[in-house]
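A single chain comes next, written as structure tokens; it is the form predicted alone.
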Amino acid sequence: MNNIFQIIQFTIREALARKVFIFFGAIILFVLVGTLLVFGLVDINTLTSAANQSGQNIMTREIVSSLELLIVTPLANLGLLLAIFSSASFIPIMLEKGNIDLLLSKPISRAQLLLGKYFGVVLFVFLNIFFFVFGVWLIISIKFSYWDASFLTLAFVITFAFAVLYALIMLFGVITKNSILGMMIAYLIFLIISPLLLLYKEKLNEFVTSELIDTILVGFYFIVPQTAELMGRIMIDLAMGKGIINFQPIITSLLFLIFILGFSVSLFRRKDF
């Protein structure tokens, strides 16, 4: 276990040296400063009155949660794409001749090496995401004098979505010693496949008359990581203080994550370097 912690620390230091991650942090800081300036000019009473013009009695909680989601949701998706791009090369670089020879010469197992690298990247991404979510929450909470820490759980959901996709990136990194294929597949799942499968399950399945096709598509829905639900309905429910209503996307994605990690470790143990 100590070896894994050492690899995690080494990976975080490596991440700090990457300019892309510095750019990631700069974007977060810029957004937080912009949020602070914007809400510093907003009059709470005016905003509340505007929100209630429809005649409905909108609670402060709903206003605050909506504002937080309005800021976090698009930037969380953008941040996830950037995190995938900036972290995809960690495994291929580790597997380069010279780097892998040096690492394997140390008293550390291949499983510890790969898992340490994986958890190091995930931890670093989590710290950035949590800093962003916490900053938005703090600014808006101070402005409205309304404190609801449940919003902070969004950082864990976003990181979990990244962790699932990064496991896939790591697998293809081990197989190909290249970052491009894994990164493309992660983008494909996140941007296209998962949203389309969710759309089919909720709305389009009634238009499919073939039972075989319906079974195949529903089967794919339960196999492919359900990032669309993680970054969609689950995030919204948590931000609104409803908690997690449907655990199925989390359980399915977690099982996928465990399987891919186990498969990656198994392949890495058998590789010749």
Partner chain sequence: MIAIETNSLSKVYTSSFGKNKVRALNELNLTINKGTIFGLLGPNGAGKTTLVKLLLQIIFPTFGTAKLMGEDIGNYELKKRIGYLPEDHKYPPYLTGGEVLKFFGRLSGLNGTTLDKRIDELLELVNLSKWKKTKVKSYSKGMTQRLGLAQSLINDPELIFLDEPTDGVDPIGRKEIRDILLELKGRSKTIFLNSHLLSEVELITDRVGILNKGKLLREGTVKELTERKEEYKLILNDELPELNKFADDNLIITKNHDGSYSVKVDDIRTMNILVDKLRGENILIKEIVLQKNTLEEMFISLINREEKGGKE
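This is a predicted model, so every value here is computed, not measured. Numbering follows the first chain given and starts at 1.
Keep in mind that the form predicted together with the partner chain is not shown, yet the notes after this line are about it.
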So the partner chain isn't shown here. In the model of the complex, which residue out of T73, S141, N178, Q112 has a non-hydrogen atom within 4.5 Å of it?
Q112
Spell out, yes or no, whether the shortest heavy atom distance between A17 and the partner chain in the model of the complex is within 4.5 Å.
yes
Look up in the model of the complex whether E202 has a non-hydrogen atom within 4.5 angstroms of the partner chain, and give yes or no.
no
Can any non-hydrogen atom of F263 be found within 4.5 angstroms of the partner chain in the model of the complex?
no
Does at least one non-hydrogen atom of S105 fall within 4.5 angstroms of the partner chain in the model of the complex?
yes
The partner chain isn't shown here, but in the model of the complex, which of 92 to 100, 186 to 194, 132 to 140, 151 to 159 has heavy atoms within 4.5 Å of it?
92 to 100
